[in-house]
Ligand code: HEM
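One chain comes next, on its own, written as structure tokens: the form predicted alone.
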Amino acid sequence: MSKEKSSSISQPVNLPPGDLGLPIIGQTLQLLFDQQFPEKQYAKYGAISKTNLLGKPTIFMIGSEAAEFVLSSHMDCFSWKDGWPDNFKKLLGESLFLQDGEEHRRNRRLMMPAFHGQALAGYISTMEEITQRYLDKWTQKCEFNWFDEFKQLTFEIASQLLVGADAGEDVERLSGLFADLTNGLFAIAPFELPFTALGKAVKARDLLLQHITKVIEDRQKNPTKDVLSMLVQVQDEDGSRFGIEELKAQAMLMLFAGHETTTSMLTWLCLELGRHPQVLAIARQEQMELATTGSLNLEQLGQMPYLDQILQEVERLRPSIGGGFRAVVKPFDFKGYHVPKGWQVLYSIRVTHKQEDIYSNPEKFDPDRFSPERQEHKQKPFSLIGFGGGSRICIGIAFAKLEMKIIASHLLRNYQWEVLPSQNLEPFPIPTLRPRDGLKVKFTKL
């Protein structure tokens, strides 16, 4: 063979190590049913490895360095829109969550004012009013499943403040429809038959879109102070506005994201406080001291360092979402391995949050790891990514943290709860992390 011919033969690509699993389904079942699968992948192969999920060759990227690569330094190699499973597009529409490039930047810029600054201050009274109504209800009920109750509470807050719709007596039905929709996001069977998870999810989506369409039409005629009303009225530099389909997609996303992840975090917050009475006592003391200065207000909400630490530890130890998908639109190299265009990447939030070189005793619930003296998460960037990171960090992060602090403040100042026995509190990850039995409690006023 001549030198010219042999030099033209392409060298084998140095793909990451790993196992592609069974034909077509690959290792999808392991990911869905073995909660330790990402940890096992990391222990066996390290920060980068290959597998096959839902028929697509997939790269696991794990750890803070990998997270920074995907979420920040090499964002141009990845697509959000093409990365998530098709069910996400089918059920949630072409919202901000699934947009890339200039389309995403333009829409995020238009939506941002509604989630920051002065707009947030205007949401406090409504959040408090709805929360107090639920607190009164829970006092009367005494025993209940807190995950289900938090789901209704956060949905009602999202419904009123984000899309301007008073869910009222319909809150249970609408919240239930979102439960059906989210159960279809990771459905393996692609069939839309009425009895399948995907079929029920599509039916729920259609009913929710009917509700959302009526709300949008009402907001167009009678704008109020909610986020959707701002989106209905906002104009780009060239005078263009959101079209009806865009508004429907963004409203669906706001309602979904505005209560699913917050429900998960609030449930784990209350469970971990119930399990750790010393942490609860310190958190309660902080709130009692603030309460002597008057009722809850924006200034007080900025003076809760210990509650902030607790919320960061809940985000770290119990992240609502286990990871994120991206499509590889530009080939790249990481840690000496090559990843081709057309593959997909799954970066792990949960395993990244348990790196032993960053977090001491990572399985332990320890809010003090975020104290000014320790600040463990600041040893390496992108070590705490429950809300994402980089320029595409969750647009609603400030809204979510404000809502959780208001609810937690009222709980700590005025109520106590006991985690009831004989229930399964093991983490169940799909679609968002929750205790398997949802957290049954006995709830009373202090």
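Note that this is a predicted model, so its numbers are computed, not measured. Residue indices: 1-based, along the sequence shown.
There is another form of this protein, the form predicted together with the named molecule, and it is not shown here; the text below is about that form.
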Which residue among 164, 324, 367, 93 has a heavy atom within 4.5 angstroms of the named molecule in the predicted complex?
324
Heavy atom within 4.5 Å of the named molecule in the predicted complex: which of 283, 231, 271, 257?
257
Under a 4.5 Å heavy atom criterion, is residue 393 part of the interface with the named molecule in the predicted complex?
yes
Whether residue 262 contacts the named molecule in the predicted complex should be assessed with a 4.5 Å heavy atom distance threshold; does it?
yes
Do residue 399 and the named molecule share at least one heavy atom pair within 4.5 Å in the predicted complex?
yes
Answer for residue 84 alone: is it within 4.5 Å of the named molecule in the predicted complex, judged on heavy atom distances?
yes
Have a look at 400 to 408, 48 to 56, 414 to 422, 29 to 37 and name the one stretch with heavy atoms inside 4.5 Å of the named molecule in the predicted complex.
400 to 408
Non-hydrogen atoms within 4.5 angstroms of the named molecule in the predicted complex: do 44, 60 and 343 all have one?
no
Counting only non-hydrogen atoms and a 4.5 Å cut-off, give the residues of 90 to 127 close to the named molecule in the predicted complex.
96, 97, 104, 108, 115
